[in-house]
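Let us start with two forms of the same protein chain, each given on its own as structure tokens and named structure 1 and structure 2.
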Structure 1
Amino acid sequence: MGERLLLIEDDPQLGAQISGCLERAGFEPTWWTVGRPLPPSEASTYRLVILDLMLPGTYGLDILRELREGSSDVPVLVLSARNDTADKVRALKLGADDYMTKPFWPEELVERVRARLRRPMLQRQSLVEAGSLQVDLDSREVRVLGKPVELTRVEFDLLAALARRRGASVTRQWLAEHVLDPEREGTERTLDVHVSRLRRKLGPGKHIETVWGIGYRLGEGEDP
């Protein structure tokens, strides 16, 4: 059972494509081919609304305005064929959460929808899980497959820095500056040494990914 999404798009081909693509991505889309007011009671049954701005008869922004005036806070992703800043600024001011300019790849749309749905859950947690890895930021405990792993202070700080932004790349420079002791050897080369030790201690799960040109990232890892 996927998340219920509302798609308001007048073009039959594009609407069918988006709708199909969202279904394949595991969502449960409802597709309106005409724009009409969306009462908050109905809006609350959807997790997200994808709204085309150029609709016949209605202007997409009017639907958005009425929706926000009815104090509904369902996330709205605006689609526009016009790459016009004023339009975007207006949409964002009216309470749109994100916008996409046509043309876009279906993959891109799905990514954006997922990112939008994930956002409210991105709360600060003391326990970060990545595959078989568990990092407790408060008690400074690290477990792999439930087994505790002993880490030095620097190693833990390094892992914690990555764990706090799980899935995002962090530059080596930032890590070197914020994790390593500046009075001792705070170079990026030292950092690489610490990373390789950390990787050895965490086992073959490949939780810490090297990101080309950037630095490191804490990923889901692979099953050993």
Structure 2
Amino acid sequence: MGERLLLIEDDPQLGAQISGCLERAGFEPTWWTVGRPLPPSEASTYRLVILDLMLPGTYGLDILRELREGSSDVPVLVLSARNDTADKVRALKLGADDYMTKPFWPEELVERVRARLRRPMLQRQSLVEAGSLQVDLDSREVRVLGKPVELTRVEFDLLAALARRRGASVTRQWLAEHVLDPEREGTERTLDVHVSRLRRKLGPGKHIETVWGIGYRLGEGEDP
């Protein structure tokens, strides 16, 4: 059996085309033609969600928002006719992993799905490696070029949050809300200070990349 994907697309012709394309590529798609809430427990039965935005029933971005607020990390690829930059940024800020606009080539969609699925397989491992950086999520140990790096609790949680979604952009708002103590230091400005300190401790190389207008992501430690 192929990997299970959830397709949420109300256009019957396009939905059938996408579903058939995914099946021929070896996936096992489930197709919803209306929008409705997707509880994290149900989302966890899928490896990836392909999400249209303008749906009958629950709006696509509301599905995405509730999914992330429920702490689901299932990858979400937004597939929409809305091609405004503001829509793309909003979707990425809400936690989308990718955004494709219609019309599109089915071959590109399949390859984007495959690219997204390769990353979560690495993230589920305890040890995340990105270039010279190693992050052990279970033992909370960090090494660069094999040498241990001492981090504070907040610094490690920040790095771990990025490592668990390796390659994906994580918004400053999400990081501030989920990593920092909201009663003491829960602002995005404070988050930036912790990122700056973390970068210095990790040393040269772009281990933490800035995604302008959105937030941060784990890099491969390439030269800045």
Partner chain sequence: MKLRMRLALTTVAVAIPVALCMGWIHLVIETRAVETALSEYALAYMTTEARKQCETAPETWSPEGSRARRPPRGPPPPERFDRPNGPPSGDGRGPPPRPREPRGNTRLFAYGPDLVARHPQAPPLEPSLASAMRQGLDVAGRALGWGGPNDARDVLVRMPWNSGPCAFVLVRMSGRPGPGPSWYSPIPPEFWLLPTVMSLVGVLFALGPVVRRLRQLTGEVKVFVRSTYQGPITVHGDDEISELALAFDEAGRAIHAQIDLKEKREQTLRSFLQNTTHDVMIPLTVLQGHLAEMQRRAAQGEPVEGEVIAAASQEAHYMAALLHNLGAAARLEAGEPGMQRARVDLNALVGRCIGRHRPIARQQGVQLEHAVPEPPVFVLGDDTLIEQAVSNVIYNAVRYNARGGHVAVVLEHEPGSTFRLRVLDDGPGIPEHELPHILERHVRGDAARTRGPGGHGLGLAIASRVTVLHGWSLKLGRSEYGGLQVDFVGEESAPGQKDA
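Small disclaimer: the values here were computed from a predicted structure and weren't measured. Throughout, residue numbering runs from 1 along the sequence of structure 1. Rigid core here is just the name for the largest C-alpha set that superposes within 1.5 Å across the two forms.
For the form predicted on its own, the corresponding chain is the one labelled structure 2.
Annotation for Gly131: C-alpha shift of 2 angstroms or more between the two structures, rigid core superposed.
In the core-superposed comparison between the two structures, Ala16 has its Cα shifted by less than 2 Å. Taking the rigid core as fixed, one finds a CA shift for Arg165 of 2 Å or more between the two structures. Core superposition gives Leu175 a CA displacement of 36.3 Å between the two structures.
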